[in-house]
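Next up: the same protein chain in two forms, each one alone, written as structure tokens (structure 1, then structure 2).
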Structure 1
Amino acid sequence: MIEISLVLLLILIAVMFFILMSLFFYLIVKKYFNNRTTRKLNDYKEKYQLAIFQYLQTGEEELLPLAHDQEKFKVVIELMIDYSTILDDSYIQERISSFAKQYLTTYVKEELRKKRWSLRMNALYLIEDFHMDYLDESLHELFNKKRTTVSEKVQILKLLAKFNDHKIIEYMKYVSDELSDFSLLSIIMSMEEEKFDELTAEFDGLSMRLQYMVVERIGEQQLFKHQHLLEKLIIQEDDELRIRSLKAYATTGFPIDAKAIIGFFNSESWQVRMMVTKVVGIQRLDEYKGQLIELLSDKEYLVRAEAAKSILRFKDGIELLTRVTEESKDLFAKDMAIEWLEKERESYSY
């Protein structure tokens, strides 16, 4: 009995020792070859930098050091990506695209079908870097696969948005619940303006989150032609839409109907009070100076801070805040006024 167990233990030890040694040798061999490859890649990069640059300038394909060497191929791709980000010339971009079409299409298509997520993602990045818009069929195929992850979908939608794909709006409506605000926004920001106009035309049929992001883009890119939408939205019931529209007014400086915002200073939502304070400061709406001074005593700290900042935007801002420090009985208002006056003295944009 004991002898059998001892043998078993010995076998177990031998197996585990074998696993340990295999692991160890795998690691050192891998490290050795990886280091060698990295050195080789760096050498190639230095060697072929000029050749690739010349190819991009002249279009002479014989300058491409392709052969059948995987490492050289990798270096060429890396150099092309580097150049594509720094050289904006249309001829060069065309050559980069034509290179990709000729040498990368099959490779990228194969990578998109790989089982490992990281390889599929890398392929999607390559499509973006080389603007391979002719691969739209493969993108649709991957998008509609069951196993496709949310991060892949985001990347695909960004690409389809950039390529002005006809299905982009339909896809966005379909998956908008799965995606985060950040992802939705980055897709919307990638859209061609014409496609974005189409999306805006369907505004009422969009999910709330998509609507928020549409407003964000209008503000971010100062799309004046959609100003009427903002006008409509600030008077609607939904607080979040109101806040975002006010924010768009604050970032764009679109003239706002002063009468429309009169009730917002007493809004129950502090975010609405803060945003309207910001808009009043940016647009220097003289008639609301009194409200700004009142908001220096708001129960919400961020509203008080924004009010002080907004007052300083007026010509007589310093004077107004100085008066608050001398006359106000509210300690919160006083402290805030002192802090912002000090920041103003130091010309410190905080």
Structure 2
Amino acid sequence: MIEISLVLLLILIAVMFFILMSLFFYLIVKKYFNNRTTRKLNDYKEKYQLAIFQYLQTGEEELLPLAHDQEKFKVVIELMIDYSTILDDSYIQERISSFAKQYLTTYVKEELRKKRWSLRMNALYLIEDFHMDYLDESLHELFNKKRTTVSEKVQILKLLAKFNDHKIIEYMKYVSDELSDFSLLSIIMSMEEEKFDELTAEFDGLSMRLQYMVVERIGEQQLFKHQHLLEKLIIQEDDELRIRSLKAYATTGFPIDAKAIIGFFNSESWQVRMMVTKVVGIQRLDEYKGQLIELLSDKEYLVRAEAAKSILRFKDGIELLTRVTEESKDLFAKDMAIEWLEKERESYSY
């Protein structure tokens, strides 16, 4: 019985050894061929870069080293992309677009219909690199297929946003729950201003997450013409919208209606208290200095820190904080005042 078990054990060891050796040799062979392909592509790149550059300079198509060889074709595309990012001349960009339209359109369309996800994604990146906005029908077709993944939809929406497509807003409403905040924001940031204005006009009909991202763009790009929307949002009940709107006010410096924020210093949301504190400091609203001093005793450290920082933005900020260190009975307030006075002495940049 023991002899049989040993035999089995030896057989298992032998099988495992064989599998490991096979895998080892497979990886070596694979690495060899990968290295060989890479060297070949680099050689082609070195060989063709001058010809591609001359084509872009002169527009003479006979200079193009086109061939049915997939590797050579891939190298030509890579060189075109490289030059499109380096050379900003309008004539050269026009020739690159002309090359893409003439030689890549059929290829990209076929790639978009492939079953492999990676091939479809690469085709989408090519559309972006060469700004192939005339392929909008193919983009719509892919977007509406059941098998299309979220990452593909994100890339398609970015492209449709850049191309100012008429369906972009409808699509975003449809898939906004599937996308991350980062993806939603990147798509909205890609929109032409005219299309973003249309999106803003439909603000009340958007999902909450889309609304949040719209406010983000208004703040980040300082879109003053949408200030009226921020005015409306800070007095609504949704804390998240209020916080983001206050953040936009803090970022842009848009003048805020001081009366509208009077109740925010006692908000249950510490983020609201912190953001309103920040806005008061940035806009130096004298009538709220007393609230800032009270918030030095807030239970949240970040609110206390923002209050001290905002007080220092006023001309008499140092004097106000010094008085707190001398007169306040609240240890939190005194500590925070001392901390920021020390930072001020060290020329802290705030």
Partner chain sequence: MLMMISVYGCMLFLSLLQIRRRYQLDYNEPYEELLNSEYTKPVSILVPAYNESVGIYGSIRSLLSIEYPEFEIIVINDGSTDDTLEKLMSKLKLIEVNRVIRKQLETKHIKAIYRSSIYPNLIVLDKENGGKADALNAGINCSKYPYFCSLDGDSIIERNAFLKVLKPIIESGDEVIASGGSVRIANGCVIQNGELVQIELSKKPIVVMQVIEYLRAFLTGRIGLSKNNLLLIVSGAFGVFSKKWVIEAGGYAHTVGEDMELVVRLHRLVKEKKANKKIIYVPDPVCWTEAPESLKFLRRQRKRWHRGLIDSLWRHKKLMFNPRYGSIGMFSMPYFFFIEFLGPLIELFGYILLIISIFTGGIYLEFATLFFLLSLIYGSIFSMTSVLLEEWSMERYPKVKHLVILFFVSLTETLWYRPLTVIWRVEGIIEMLAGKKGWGEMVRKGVSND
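Nothing here was measured: the structure is a model prediction, and the numbers come from that model. Residue positions are counted from 1 along structure 1's sequence. Basically, rigid core = biggest C-alpha set you can superpose within 1.5 Å across the two forms.
Visitor: Which of the two structures shown, 1 or 2, corresponds to the form predicted alone?
Guide: Comparing the pair, one sees that structure 2 is the form predicted alone and the remaining one is not.
Visitor: Would the C-alpha of L285 be classed as shifted by 2 Å or more between structures 1 and 2 after rigid-core alignment?
Guide: Superposed on the core, L285 moves its C-alpha less than 2 Å between structures 1 and 2.
Visitor: Do you see a C-alpha shift of 2 Å or more at L223 between structures 1 and 2, with the core held fixed?
Guide: For L223, whose C-alpha is compared between structures 1 and 2 after core superposition, the shift is less than 2 Å.
Visitor: Under a superposition restricted to the rigid core, does E300 display a Cα displacement of 2 angstroms or more between structures 1 and 2?
Guide: Result for E300: no, shift under 2 Å.
Visitor: Report, in Å with one decimal, the C-alpha displacement of N42 between structures 1 and 2 after core superposition.
Guide: It moves 3.5 Å at the C-alpha.
Visitor: Relative to the superposed core, report the C-alpha shift of F17 between structures 1 and 2 in angstrom.
Guide: It moves 7.8 Å at the C-alpha.
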